[in-house]
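As a starting point, one isolated chain is supplied in C-alpha cells, in the form predicted on its own.
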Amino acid sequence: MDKNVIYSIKSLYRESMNIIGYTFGSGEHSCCVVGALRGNEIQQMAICAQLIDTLKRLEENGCIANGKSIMIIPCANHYSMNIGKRFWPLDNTDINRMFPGYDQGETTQRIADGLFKSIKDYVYGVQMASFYREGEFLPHVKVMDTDCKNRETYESLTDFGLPYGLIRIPQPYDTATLNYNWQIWGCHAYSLFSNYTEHIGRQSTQTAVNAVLRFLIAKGIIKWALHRGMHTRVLNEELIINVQARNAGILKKHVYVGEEVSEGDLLCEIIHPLEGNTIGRIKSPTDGTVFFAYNKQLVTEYSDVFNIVPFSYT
C-alpha cells in the first residue's frame, strides 16, 4: 500500500487540508473509490476505511491482479468533517456541485479541480454517495444516463450484488457532480448508496464494502472468492413512487425500509404536535417495497416520507 497526498490546500489559521489517497497494486489506473465529499458523510468515510483495511490484507496475500491498481480516498473534506457541517464551512458550498473544478476559482472549485485531476483517468470510479433527504435507504448503486452512456456501465450494475441498480436521467444540477463528470471523461462511474449517512451501521458498512469487492472481482482487478450477493433489480429512477406528507406534525411510522406493502396499507400517521390527535394518515399508493423512509420525528408539510418501488408482475 502506498499512502500519498494527492491534493493539499493551505489555510491561514490552521494546518493545510490534505486529501490522502491509498493505492494498492501497480500499473493501470483500474478503479478509484471516493468517500466523504461532505462533512456529515461519516458512514461513507467508514466504508472506505474498512475497505482499505481489507485491501491491505488482500495485497499482502497477492490478491491484487498484476498490472492493476486501486485508489481509495476516504475523505476529501476534513474541514467540514471536523466541525460536523455538511458543506464547506466558510461559504456553505458543496464540493460535489463543483466538478470538474477550476484551479483559479473559489475554494471548493479548487478542491474539486485538484481531486478530479488525480482521479479522472481511472477506468472505473465508485463514489460513496449520500442524499440530501434525512432517512434510511435500501442499499443501491446508481449510474447517470449521460450522452456518454456505455452498455458496460449499465450491465455492471449487477456486479455489486445489491438489491437495486438505478439509472438516473441527469438534472441540470447533476452536471457538476463527480459521477457525471467521471463519465464525461470516459470513466465507468457509479454512485453507491448505503443505508445511512451520519450513522455508522456495522452491517450496512460491511454490505457496502462487500459490494465494492464484488465489483473489483467481477472486473478482474482482485482475485478472491466472495459470495455473489443479492439479485439486482435494475430500473429507471423515475419508476420509484414518492410519497409526501400532507400535514406537518409528529411522524408515527407503521412500516420501515425493506418491508413489502400492498396498495392501501397504512404507512404512517401524522400526530398534531400540540394536541396529540391524528391529523393525517398516509396509505401506500401501490404494491411494492419500501425503498426509503424518513427518519426524523417531526415532519413538515410536503416532505418526502417514503419511496416505494412498485412490484413488477411481468
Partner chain sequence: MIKPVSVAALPVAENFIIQKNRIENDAGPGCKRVCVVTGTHGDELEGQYVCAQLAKILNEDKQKLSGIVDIYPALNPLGIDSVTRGFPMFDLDMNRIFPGSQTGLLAEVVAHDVIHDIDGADMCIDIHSSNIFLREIPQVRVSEQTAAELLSYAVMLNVDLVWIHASATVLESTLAHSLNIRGVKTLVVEMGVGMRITENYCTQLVDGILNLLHELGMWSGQIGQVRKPLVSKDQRIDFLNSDAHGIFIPGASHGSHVNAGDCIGKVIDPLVGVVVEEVLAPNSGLLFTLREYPVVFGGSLLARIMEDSKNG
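Just so it is clear, the structure is predicted and the values come from calculations on it, not from any experiment. Residue numbers count along the first chain shown, from 1.
What comes next is about the form predicted in complex with the partner chain, which is not displayed.
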>> Using a 4.5 Å heavy atom cut-off, which of 245-253, 65-73, 282-290, 261-269 contacts the partner chain in the model of the complex?
In response: 245-253
> Among I42, Y124 and N295, does every residue place a heavy atom within 4.5 Å of the partner chain in the model of the complex?
Replying inline: no
>> Under a 4.5 Å heavy atom criterion, is W224 part of the interface with the partner chain in the model of the complex?
In response: no
>> Although the partner isn't part of this model, could you tell me whether D147 comes within 4.5 Å of the partner chain in the model of the complex, counting any heavy atom of the residue?
In response: no
> According to a 4.5 angstroms non-hydrogen atom cut-off, is I167 in contact with the partner chain in the model of the complex?
Replying inline: no
>> Is N18 near the partner chain? Define near as a heavy atom within 4.5 Å, in the model of the complex.
In response: no
>> Please tell me which of G186, G105, G84, G201 lies within 4.5 Å of the partner chain in the model of the complex, judged by heavy atoms.
In response: G105
> From first to last in sequence, which residues of 88-106 have any non-hydrogen atom within 4.5 angstroms of the partner chain in the model of the complex?
Replying inline: W88, L90, D91, R97, Q104, G105, E106
